[in-house]
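Single chain ahead, written as structure tokens, the form predicted alone.
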């Protein structure tokens, strides 16, 4: 069991996983696999989440979401008048798809970031929208929610 811990620690330090495979003829072959947990991969993701005030990792694009949850996030942002944000289609790059899940410690896509901080996925953004917290969070980013203007017009 200690060898597993040592191997895992080596993996995290070197960003590679060394594996050994025993063949039927008795030979032992050794290989290495590069992991997305590498500091370079994490640094790249850190730069990506800080690219804009609002960043969304989603399936598809804002113009053409490829899943209902990604579409819901786009629609919620649209209702608040948030049209300018960075989005990344995780279907285009499996390393980004898996890497962002590891980076945020969140298992699902879409993922929303405000000022480089992980907010959550579709369910959390929907709860924030329903409770009014999203309006406040957008204000902290210097973004005025379009829903505030709609409330004034209806009075």
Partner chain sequence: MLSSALRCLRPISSTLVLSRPLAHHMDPSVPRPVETTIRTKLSKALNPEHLEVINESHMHAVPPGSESHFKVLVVSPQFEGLSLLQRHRLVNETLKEELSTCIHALSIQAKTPQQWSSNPSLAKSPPCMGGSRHDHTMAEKLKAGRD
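Numbering follows the first chain given and starts at 1. Owing to the predicted nature of the structure, the values given are computational and were not obtained by experimental measurement.
The form predicted in complex with the partner chain exists for this protein as well; it is not shown, and the discussion that follows is about that form.
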task: Spell out, yes or no, whether the shortest heavy atom distance between residue 120 and the partner chain in the model of the complex is within 4.5 Å.
output: yes
- prompt: Is there a non-hydrogen atom of residue 72 within 4.5 angstroms of a non-hydrogen atom of the partner chain in the model of the complex?
  reply: yes
- prompt: Within a 4.5 Å heavy atom cut-off, is residue 65 in contact with the partner chain in the model of the complex?
  reply: yes
- prompt: Going by a heavy atom distance of 4.5 Å, is residue 97 a contact of the partner chain in the model of the complex?
  reply: yes
